[in-house]
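In the block that follows, a single chain appears as structure tokens, in the form predicted alone.
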Amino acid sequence: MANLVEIRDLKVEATSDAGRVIEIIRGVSFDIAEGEIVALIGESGSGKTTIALTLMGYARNGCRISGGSVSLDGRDMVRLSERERAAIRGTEVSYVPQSAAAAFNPAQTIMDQVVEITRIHDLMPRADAEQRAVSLFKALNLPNPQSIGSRYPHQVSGGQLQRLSAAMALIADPKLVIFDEPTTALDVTTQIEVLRAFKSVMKKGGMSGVYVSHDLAVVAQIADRIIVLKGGEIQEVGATEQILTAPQHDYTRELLSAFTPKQHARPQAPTAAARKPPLLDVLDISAGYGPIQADGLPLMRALKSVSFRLEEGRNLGVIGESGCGKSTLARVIAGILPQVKGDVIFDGRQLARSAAHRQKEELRKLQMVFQFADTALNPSKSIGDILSRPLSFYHGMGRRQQESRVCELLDMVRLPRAVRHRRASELSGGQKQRVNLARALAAEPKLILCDEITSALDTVVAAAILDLLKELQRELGLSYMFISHDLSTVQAICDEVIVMYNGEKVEEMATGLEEGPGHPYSRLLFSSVPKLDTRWLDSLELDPELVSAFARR
């Protein structure tokens, strides 16, 4: 089979803050055959996305392709003019981003954006482009394919938007599609739909693909071959089955071992007689968005009479699909979204509904690490300033004390101390999330609400963060509430689990996950977790009655 892509001795350089030139891709070479899907895996900073972007002749700001060749269908993308590259992008090579929401203009309809590339390159009449778009919507298993294009991006779910971004990339019938972590932010049931749709369309069209990911179980379902990267160099190349079952390189084995987080010893659940007052007691909480109706409840109810408790020194997992109310629950507990009904009792005190009315000590003891690291950090402040603020606000530290403590906090979350001089825009997604964790630790809290805090991290770093959190828990007596769609994370660190569906708590497993889920929705959720098995997705047969019963409303 002929090669569509041939990369030879590729080198990419970056310029550091101090003006020093650093080689971040060091002599990488590999091929991609026609119709083949190749996965690039490795931890954050390994060069996965940087290499993928060179296939479009592109390097990020501050970077440049300094050597080697990137041949796409016989043309070297490195040596083409920018005008020649622009003619190829979107038509012969296309890109599906990690964040579909960032790829869409909120002011234009979905159809206008999906067919835009056909207008820019004058590929076909508008009517033909819309017909092609509708056929892709059907192939990608999108609901209401005839009419979904008339909606705006905010009017569809995250999983639907991810598939629509794939339709945008596929409409010009490219020879090569680059998938950059396209399912990382999706819950497990939505991820299955998206993976099946991607795989079906790619195989049917005979397209080649590059799939960038740190999730080995996802890669196992879609890739023909895997290229393992670390520090800008290839560590191992092999067929997917071989990499997963008989890895040759130590680093590949490390990635595989990190895929299943280490199970931490859980404290025994206290007996009824020994049970102390809970650290957190959530009582009959209802909350939502929009105007309050005649019954005293909001127009859009995100939480419906939710109750649970968390003992001191223990960890609670909150799992469920996107839109089930997980993050809203954390926002209510943190006082960001006042509930319309129910009470939050924390450390023996009833908390005011709004954080603005809570005492400083109550705010200090209960911290939150947000899901979206980009929006949680002030882009105009240095990391040192961001971490110093809680030290000054909660502990009254002076400048010298702050500087010392900031360095300690960066050490705790495994970041170099030099990061304190940088801004958030200069950090990777995983680094930004670790800064968010350091900021929460700066307050010296009793409870940290963790909203999808490992979703942006590669498996090696995520496993290290979980180990760190347990170490901090032992040393500082912390408790955590983990909101996640990553069930392996919840299983690794949580003592108790509640399952949310459509704003309601449908099940609580007081002793972790060892006894298995009992509620039908919980069973559907757990059966949807990808496995390190190349045959898993194709052989997966979810109970159609369960799927129908719990289809997203």
Partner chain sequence: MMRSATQFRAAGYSINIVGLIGFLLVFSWALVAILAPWIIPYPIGEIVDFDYFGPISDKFWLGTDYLGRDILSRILMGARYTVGISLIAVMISCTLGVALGMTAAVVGGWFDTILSRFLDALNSIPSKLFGLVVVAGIGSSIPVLIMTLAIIYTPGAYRFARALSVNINTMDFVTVARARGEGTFFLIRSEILPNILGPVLADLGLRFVFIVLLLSGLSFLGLGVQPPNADWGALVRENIGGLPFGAPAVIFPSIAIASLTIGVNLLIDNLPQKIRDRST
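Remember, predicted model here, so these are calculated numbers, not experimental data. Here the rigid core means the biggest group of C-alpha atoms that line up within 1.5 Å when the two forms are laid on top of each other. Positions refer to the first chain, counted from 1.
Although it is not shown, the form predicted together with its partner chain is what the next lines describe.
Shown alone, this chain has one stretch from 226 to 234, 374 to 382, 343 to 351, 469 to 477 that lies within 4.5 Å of its partner chain in the predicted complex by heavy atoms: 374 to 382. A single residue from the set L363, V177, L457, L161 has any heavy atom within 4.5 angstroms of its partner chain in the predicted complex; that residue is L363.
The contact residue chosen from L427, V461, L170, L437 relative to its partner chain in the predicted complex is L427, the criterion being a non-hydrogen atom within 4.5 angstroms. In the predicted complex, its partner chain sits within 4.5 Å of a heavy atom of R20. Within this chain, S539 is remote from the site of its partner chain in the predicted complex, having no heavy atom within 4.5 Å.
Remark: M412 does not count among the residues lining its partner chain in the predicted complex, judged by a heavy atom distance of 4.5 Å or less. Although the partner is absent here, Y251 is not a contact residue: none of its heavy atoms lies within 4.5 angstroms of its partner chain in the predicted complex. If you fit the rigid core between the shown form and the other one, you'll see the Cα of S388 move by 2 angstroms or more. In a rigid-core overlay of the protein, A355 has its C-alpha displaced by at least 2 Å between the shown form and the other one. Core-superposed comparison between the shown form and the other one: the CA of L427 exceeds or equals a 2 Å shift.
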